[in-house]
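Only one chain comes next, encoded as structure tokens, the form predicted alone.
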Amino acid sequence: MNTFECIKSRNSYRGKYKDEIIPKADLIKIIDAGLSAPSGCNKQTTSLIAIDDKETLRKVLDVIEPKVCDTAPALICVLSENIYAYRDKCYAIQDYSAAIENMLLEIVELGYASCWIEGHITDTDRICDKIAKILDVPSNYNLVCILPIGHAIEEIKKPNKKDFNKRSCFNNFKNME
């Protein structure tokens, strides 16, 4: 699969997963893709925790309400550290976003399904803090996202995207349809 095919094949999957072990070698490839993402001023503010131990996975999945990804055989938790860089700006959001997209593409390349789950766990009920406590995450890190990983049981539905010409143009916004 070439890069563009991989990008076009990536879709969020919110269904059930097959009860299959994800090989550690695949999780390492996914993590490596995330850690290879660009980082503002090379501050490398993103860290990752892969969960493939059934007991730890169950503890984490049990605190997520309402239930999402509860059948995922593995998760990657995305941690972010607020490190200030150029002109006292922090690029942590951009850093972890680039890492997540790289991982989502590698997940597709390896034949798995996933979904970027952020708002659901970082909302006012702060599920992210409960997960961080289970994983012994130090207080200077924020758990900002989880990525379930597995083989989809259900069909992965492609969302409708606006036409190319309604979201892009050349040389001047007036050229947008």
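A quick note: this is a predicted structure, and the numbers were derived from the prediction, not measured. Numbering starts at 1 and follows the sequence shown.
Only in words, not in the display: the form predicted in complex with a small molecule, which the text now covers.
S.K.: Exactly one stretch in 134 to 142, 116 to 124, 33 to 41, 55 to 63 has heavy atoms within 4.5 Å of the small molecule in the predicted complex; which is it?
M.R.: One stretch meets the cut-off, namely 116 to 124.
S.K.: So, Asn165 and the small molecule: in the predicted complex, are they within 4.5 Å at any heavy atom pair?
M.R.: The answer is no: Asn165 has no heavy atom within 4.5 Å of the small molecule.
S.K.: Just checking whether Lys161 would be counted as a contact of the small molecule in the predicted complex - the rule being heavy atoms within 4.5 angstroms.
M.R.: Heavy-atom contact with the small molecule at 4.5 Å: present for Lys161.
S.K.: May I ask you to check whether Lys16 falls inside a 4.5 Å heavy atom distance of the small molecule in the predicted complex?
M.R.: Output for Lys16 is no: heavy atoms all beyond 4.5 Å of the small molecule.
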